[in-house]
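Take a look at this single chain, the form predicted on its own, given in structure tokens.
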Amino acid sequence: MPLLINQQLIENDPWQLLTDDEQALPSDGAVILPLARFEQARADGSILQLAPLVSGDDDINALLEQADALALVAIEIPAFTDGRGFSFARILRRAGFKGQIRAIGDVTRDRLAFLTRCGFDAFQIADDRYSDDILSALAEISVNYQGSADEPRPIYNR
């Protein structure tokens, strides 16, 4: 799956996504885990570099307390009609989270600019949805009136 980070196509991602609870944790490296398994691995004292994968059903407040210690938060976008991931990214950025926020799941070209405005800076895109012109989607909206995570000032203050 192609991965865009900070508007660059990344070939070698150091993060390994483990969504199956039966998959054993690797002995080293960086791992993205569903939130419950992430919390358990941290409680067990795992020496791996860990990142949570949150979905709309998860309580993001627990993450806000430990956000300073995280390098990455992956947010699942399960369907086009589910906007909770957008809200989670916005909440994280408003709370001061400076790390990477990665969109995983139903990530489509037509929503990349909106995801960026909410605070996402990385996108894992399915092979069948990726095209060479996908980066141009980030520049298609040239004027934004409201403030957002990528530009907090509304247009009348710029």
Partner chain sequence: MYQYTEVDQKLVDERVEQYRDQTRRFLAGELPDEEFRALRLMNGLYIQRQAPMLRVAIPYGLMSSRQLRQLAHIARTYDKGYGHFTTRTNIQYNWPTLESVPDILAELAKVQMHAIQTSGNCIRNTTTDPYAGVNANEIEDPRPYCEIIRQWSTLHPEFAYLPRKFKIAVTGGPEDRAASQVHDIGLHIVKNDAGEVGFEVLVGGGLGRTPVIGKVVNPFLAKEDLLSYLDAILRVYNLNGRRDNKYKARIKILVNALGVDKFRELVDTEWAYTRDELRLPAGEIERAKGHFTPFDYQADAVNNDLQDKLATDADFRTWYEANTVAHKVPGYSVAVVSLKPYLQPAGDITDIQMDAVAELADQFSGGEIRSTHDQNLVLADVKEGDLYALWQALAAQNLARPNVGKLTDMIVCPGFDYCSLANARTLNIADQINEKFEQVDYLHDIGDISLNMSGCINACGHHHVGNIGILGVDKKGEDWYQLTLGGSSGADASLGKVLGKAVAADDVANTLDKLLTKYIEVREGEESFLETVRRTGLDPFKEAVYAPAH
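Positions refer to the first chain, counted from 1. These figures come from a predicted structure and were not determined experimentally.
There is also a form predicted together with its partner chain; it is not shown, and the following applies to it.
Residues placing heavy atoms within 4.5 Å of its partner chain in the predicted bound form fall in a single listed stretch, namely 91-99, out of 39-47, 25-33, 65-73, 91-99.
Its partner chain is not drawn, but in the predicted bound form it has a heavy atom within 4.5 Å of residue 157. By the criterion of a heavy atom within 4.5 Å, residue 146 is counted among the residues contacting its partner chain in the predicted bound form.
Not displayed here, its partner chain is approached by residue 142 to within 4.5 Å at the level of heavy atoms in the predicted bound form.
Residue 110 belongs to the set of residues with a heavy atom inside 4.5 Å of its partner chain in the predicted bound form. Contact residues in stretch 59-85 (any heavy atom within 4.5 Å of its partner chain, taken in the predicted bound form) are 80, 81, 82, 83, 84.
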